[in-house]
Each structure stands twice: as C-alpha cells, then as structure tokens.
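As a starting point, one isolated chain is supplied in structure tokens, in the form predicted alone.
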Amino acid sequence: MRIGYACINLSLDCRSSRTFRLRNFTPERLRATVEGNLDCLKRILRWNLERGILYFRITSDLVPFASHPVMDYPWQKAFRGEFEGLGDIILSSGMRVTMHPDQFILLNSPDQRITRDSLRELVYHAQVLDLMGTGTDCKIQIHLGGVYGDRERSMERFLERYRVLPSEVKRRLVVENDERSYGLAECLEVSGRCGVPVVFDALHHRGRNRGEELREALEAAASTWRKGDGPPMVDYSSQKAGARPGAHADTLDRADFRRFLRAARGLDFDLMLEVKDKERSALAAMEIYQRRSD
C-alpha cells in the first residue's frame, strides 16, 4: 500500500497552486507563475521521495487558466522539459500521482456550456499527466455530478457523455462516491455499464450508503479496476468533530485509522489521506501501517 496526501506540503515554503486574477493575465505573468508552481512541485516530489511517500495528488491549479478561453500561450510546448523532468522523478521512483478537479466538473449537467467547460478542464488534466509521461495508473478523479431533480436521468447523461470522451481523458478517468448525491451503489451501477473504475471514499460512504460494511465496500470498488489501471485508489479521512457531515478531520485519528486497516487487511490498494495537516498525517499513517500486526 502506498499512502499519500493531497496537493500541499505544509513543511515547505512554497505552493504549486499559485495563481493571479484573470484581468492581470499576460504571457509573462503566466510563465513566471507556472515556473514557480512547477519548481515547487519538484520540491514536493523530492521531499516525499526522501521520506518514502510514493503517492501524491497534484493540484489542479498547476497552470492557471489552462482551460479558459483566454489561454493563448503554448504552455505545453514552453514547459515540456520541466514536465518531463517531473515525470523522471515519478517514473524512476515508482511513485503514483493523480489529480482531482474541483466540484464544478459536471459531465452530467443539462447545461451544455457547463459540460463543454468541464471537458476542457479534463483535457487539461490529461495533458499534464501525459506531458509527464505517466502511465494509465495515474488517474483523474471526479464525482458523478449533480442530480438535477432526476437521479436516473442524470446517471444516463453521465454515461452518454463518458462514452464519447476523448481517449486521453477516458483512459485516466475514475469516479468517486460522495456523501450526498451518488453513493457507492450508484457508482458501481455506472461502472458496470461503462467500465469506469470506482474510487472508494471511506468518509463519504459513512454519509451515504445502503448498509454495506467497510470491507464489503472496499472489495466491491476494487472489483471495478482492471490490470492497466494500477491498484485501486481509496480515499480516507475521519469526520471532523462539530463540522458538517463529510468534513475532513484536521489530523489523523489514529484509533479510527487502525480500525480501518483491520477492516482492509489483505486488500491491495493505494490510500489517499484527505486530512488537513497533509504530509504530517501521511507520515503518521505510514508508521502505523508499517507497525501493524497482520
């Protein structure tokens, strides 16, 4: 099991998600911002590698406005060498990286404009992973989308849009259960009809489920992954006390994490921690995992 964290390293003095206001867009500003973001990402990957963290979620904001109509700068060509250098770190170390676009990605929206915007954003994410030379185990993770007053029809719309996705997007796309609209059962239904792998989110499953026990849910989600997809991906967090249902905890709940590991014993997957203190909890989780008694 590779254990990782998402997007930000709190131990470093940089962010790989720096951006600027759209009204201030210039090629010069874009270039300087992307250079800084890519340099920070390199620092994060090296920091992780030195500590044995081999799973990481890359920020969606690596290239500001990459999918916006204002973008007329050939960032793919301009930064090809930097992306290849990042890919060298990832591929030579056995690291796995993924991306998770924001909630505004709605492939099943009845609004064609929103669907087009979502597709442009997914293409950008695929380009980032392709430029790094990563394999098809490096995924783009999204939710099924909105309900729009008719869950069954909205699921059908997702299937219709998924089937005509560009191949560079489809080969990396995975769907995740959520705590409000589409639980594991709905994701499994969609997967059974189109083949998209399902990422199991343990915290979301607590909020929306059909009574599936944790072990049963993990196994069901894992069954949707094919050989070329790499090990299944699982998201883990505990509930933040006093916050809305589904809010991620500030730090690792060690007792809850040990219970999770006991339920998952013997299963093969990579685990993404969605915990607010990022790499600190990832290191703690790795220590617990390494000291567990099988």
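This is a predicted model, so every value here is computed, not measured. Residues carry their position along the shown sequence, with the first being 1.
One more form of this protein, predicted together with the DNA, exists but is not displayed; see below.
Trainee: Answer with yes or no whether residue 183 is in contact with the DNA in the predicted complex, where contact means some heavy atom within 4.5 Å.
Mentor: Flag for residue 183 set to no.
Trainee: Answer yes if any heavy atom of residue 148 is within 4.5 Å of a heavy atom of the DNA in the predicted complex; otherwise answer no.
Mentor: Flag for residue 148 set to yes.
Trainee: Does at least one non-hydrogen atom of residue 134 fall within 4.5 angstroms of the DNA in the predicted complex?
Mentor: Although the DNA is absent here, residue 134 would stay clear of it in the predicted complex, with no heavy atoms inside 4.5 Å.
Trainee: Under a 4.5 Å heavy atom criterion, is residue 102 part of the interface with the DNA in the predicted complex?
Mentor: Result yes; residue 102 sits at the interface with the DNA in the predicted complex.
Trainee: Heavy atoms within 4.5 Å of the DNA in the predicted complex: which stretch in 192-200, 103-111, 165-173, 212-220 meets that?
Mentor: Within 4.5 Å of the partner lies stretch 103-111.
Trainee: Quick one: which residues from 67-81 get a non-hydrogen atom within 4.5 Å of the DNA in the predicted complex?
Mentor: Those in contact are 67, 68.
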